[in-house]
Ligand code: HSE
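One chain follows as structure tokens, the form predicted on its own.
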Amino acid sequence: MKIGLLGYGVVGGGVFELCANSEHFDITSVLCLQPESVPGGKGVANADTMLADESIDVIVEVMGGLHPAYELVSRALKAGKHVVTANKHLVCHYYKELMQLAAENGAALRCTAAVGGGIPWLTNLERARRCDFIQWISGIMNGTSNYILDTMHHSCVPFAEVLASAQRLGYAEADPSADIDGLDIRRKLAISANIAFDTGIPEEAVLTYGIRSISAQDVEAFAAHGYTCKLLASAGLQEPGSIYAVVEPTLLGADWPEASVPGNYNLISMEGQAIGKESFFGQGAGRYPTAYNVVQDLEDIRCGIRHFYTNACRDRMVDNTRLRRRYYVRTSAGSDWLTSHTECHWPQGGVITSPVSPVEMHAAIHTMEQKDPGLFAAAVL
């Protein structure tokens, strides 16, 4: 199978290495900023020849970002070439369009590495939904935020210090906003929910709050009450056909498997009507874990896969008003709403609210943050 590779960074280099050790895959050209850095003289500075080459069966996109990734992937699908991508931003933003392009041109579109890194989450979600009714999905889908929270729980050091450590280790980008503000996990949840529930919700429909303002004092308070904080994504079906979709810091007791997930690992679960709960644990990012799932997608295409994970994309409304959760809130801002919804006070300074919807809580957070930008809140499960 002949392959055109778009991108030769951390993941692209890993894909190149793994394919070089396979008798089934031949990467014939690699689009990158420094073509001379690619072994065998396969580097190119322009993708036009690659996309026009009828001998190339698959385009692998690991360059990241929306542009020019969108334009190149669209051209590949229109040319009837299969596409494998690890780009969750691209798949999430252009979900319906890319899915339709692949179907119209008889091309496979696979993105297993986009959600869960090296975890075979999307392929197992695909298998489950073929013969079962998926009721909900949930989990830790971002290794950077989990590394930060896990380190703070074990070392009780300030957030800024742990973030700097994550950046030195390569877990976090120079601009860590996508990870710590929940944007990365929001995209992964949207893709997962769309496949699980045969819908096409945009990422903006996922109610999202991150961990930027968590403090060591918060973590100490959580531990004193037997809780561990994780940035959790969750989505599920509701009657009569709507779904909920929320990303927010969540306090979990020791009996939750997610509470013990270490370092930059991920744990993603689903519950089917027949199979019950299944969970998938592993490396959520990194050169070889992510490249591994890219190559697994290539193997699936080589073995005859010619489709996306679902062929349905019906409209479903996202309704987060029907959920009810208690919340931990630590703020110096006076709030009549918070006072009227406080169920108990913690000695360390935070309060626990009575059960409210995530919509109501997130709106209250936004209002209180105008007076107290350092506010932190987390759902309590």
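When you see a residue number, it is the position in the sequence shown, counting from 1. Quick caveat, the model's predicted, so the values are computed rather than measured.
Not on display, but discussed next: the form predicted in complex with L-homoserine (HSE).
Contact with L-homoserine (HSE) in the predicted complex, defined as any heavy atom within 4.5 Å, is confined among 301-309, 234-242, 98-106, 143-151 to 143-151. This chain is drawn without L-homoserine (HSE); in the predicted complex, the residue among 227, 171, 159, 209 with a heavy atom within 4.5 Å of it is 171. Contact between residue 81 and L-homoserine (HSE) in the predicted complex is not found at the 4.5 Å heavy atom cutoff. In the predicted complex, residue 297 stays away from L-homoserine (HSE), with no heavy atom inside 4.5 Å.
Although the partner is absent here, residue 285 sits close enough that one of its heavy atoms falls within 4.5 Å of L-homoserine (HSE) in the predicted complex. Contact check for residue 188: a non-hydrogen atom falls within 4.5 Å of L-homoserine (HSE) in the predicted complex.
Residue 88 is the sole member of 76-104 found to place a heavy atom within 4.5 Å of L-homoserine (HSE) in the predicted complex.
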